[in-house]
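The chain below stands alone, shown as structure tokens; this is the form predicted on its own.
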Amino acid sequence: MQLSDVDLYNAENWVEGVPHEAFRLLREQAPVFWQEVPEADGKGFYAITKYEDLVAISKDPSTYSSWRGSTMIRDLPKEDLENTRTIMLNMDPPQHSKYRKLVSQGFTPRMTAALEPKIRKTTAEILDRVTPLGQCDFVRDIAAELPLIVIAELVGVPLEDRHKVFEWSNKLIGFDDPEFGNTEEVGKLAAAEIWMYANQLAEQRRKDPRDDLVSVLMMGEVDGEKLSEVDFDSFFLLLAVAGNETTRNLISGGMRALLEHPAEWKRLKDDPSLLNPAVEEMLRWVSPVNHFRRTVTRDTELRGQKLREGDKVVIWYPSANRDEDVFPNPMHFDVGRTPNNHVAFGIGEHFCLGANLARLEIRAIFDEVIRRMPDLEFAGPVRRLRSNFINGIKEMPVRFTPSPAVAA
């Protein structure tokens, strides 16, 4: 492969897997690489592939803005850009800091710890539904279920409505995958449906506050003012989608990594004390979010490359997480890897608020799978999401020796 062959923007190049060979080449020869995009999607961008640079950019929002052009690569029409700026992901300090402080009340260590018994019980119940069958789609039947139920519990969505969130998430995240029949209009309709649902939920909590995140947001204030309807809707969309999509794909991708590395899968089953480092290695290996964009706010320079105000830089997490300067033997999946300072949750201002909750969910799933499905194996081809944004798996058939339900 040569630099002229690299195209990180075309989603078709991600169908078979993350283009790690292209990333290795870029880290080695062009760590600040100019990538053209189709004219209809705006101007090109600088691809940032080294760990050190990703960290520096993430910690310097005054130079590299999330708000100015949003975190999406594609340049948005003015009206759409204004809408996306109401989502915390697309804010800069001090605005971002104020909103993050409010929503972080729902992700305190106390609230996360309080969820653990529920998460453990729910995980056992999920496996109870599939272990007697001897086969299932690991994505839909196991990996998707726990994050959906947990986020429903957290924000106060009735359990019977959780699959609405699943479908809306697929439509919003799978915008480059023809299987979801997605167009820009389909994505906008899914967002509108989420907002309508959020407004109904908000109205219920105004009348009847509960111990959930929606109630926290309805009672909270930013600069002495209650959240506007638009602010609340944007919070809800971010929590509903980010709170289930990324964890689902990490669990699916982590299971795939274990099955594709049978010696490491056996090592983990033989020594469950490795579960914590194994979870961190899954996070490094999978990197559920591939990229975010920043927009340069003032002329600057990076590795000798002059960057002008208004230029787009795109930071690539899977590449940073395989950087040879940071991770010894980075292309080896090692369930005992330590230290493991991956950036799968981001770093700096936008570090994932739900990181500890996600870790808890991932540990719960694999703790249960190791004990109850130790001979789990592939039962068909793995089908990936066509996307350069989310490292997702759509379907992963697996089989295992059937066993009776135990949670009841």
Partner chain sequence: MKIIVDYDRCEANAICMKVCPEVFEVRDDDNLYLSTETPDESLRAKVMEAVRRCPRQAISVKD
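Only a predicted model underlies this, so the values are computations on that prediction, with no experimental measurement involved. Positions refer to the first chain, counted from 1.
Another form exists, predicted together with its partner chain; not displayed. Remarks below refer to it.
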Heavy atom within 4.5 Å of its partner chain in the predicted complex: which of 347, 382, 360, 376 fits that? Just give me the one. 347
Of 218, 111, 191, 257, which one comes within 4.5 Å of its partner chain in the predicted complex, counting heavy atoms only? 111
Hey, with its partner chain in the predicted complex, do 10, 34 and 386 all fall inside the 4.5 Å heavy atom range? no
Per contact check vs its partner chain in the predicted complex (non-hydrogen atom within 4.5 angstroms), the hit among 238 to 246, 330 to 338, 97 to 105, 114 to 122 is 97 to 105
Contact with its partner chain in the predicted complex for residue 353, defined as at least one heavy atom pair within 4.5 Å: yes or no? yes
Under a 4.5 Å heavy atom criterion, is residue 371 part of the interface with its partner chain in the predicted complex? no
is_contact(residue 43, its partner chain) in the predicted complex, heavy atom dist at most 4.5 Å: no
Output the sequence-ordered list of residues from 240 to 265 with at least one heavy atom within 4.5 Å of its partner chain in the predicted complex. none
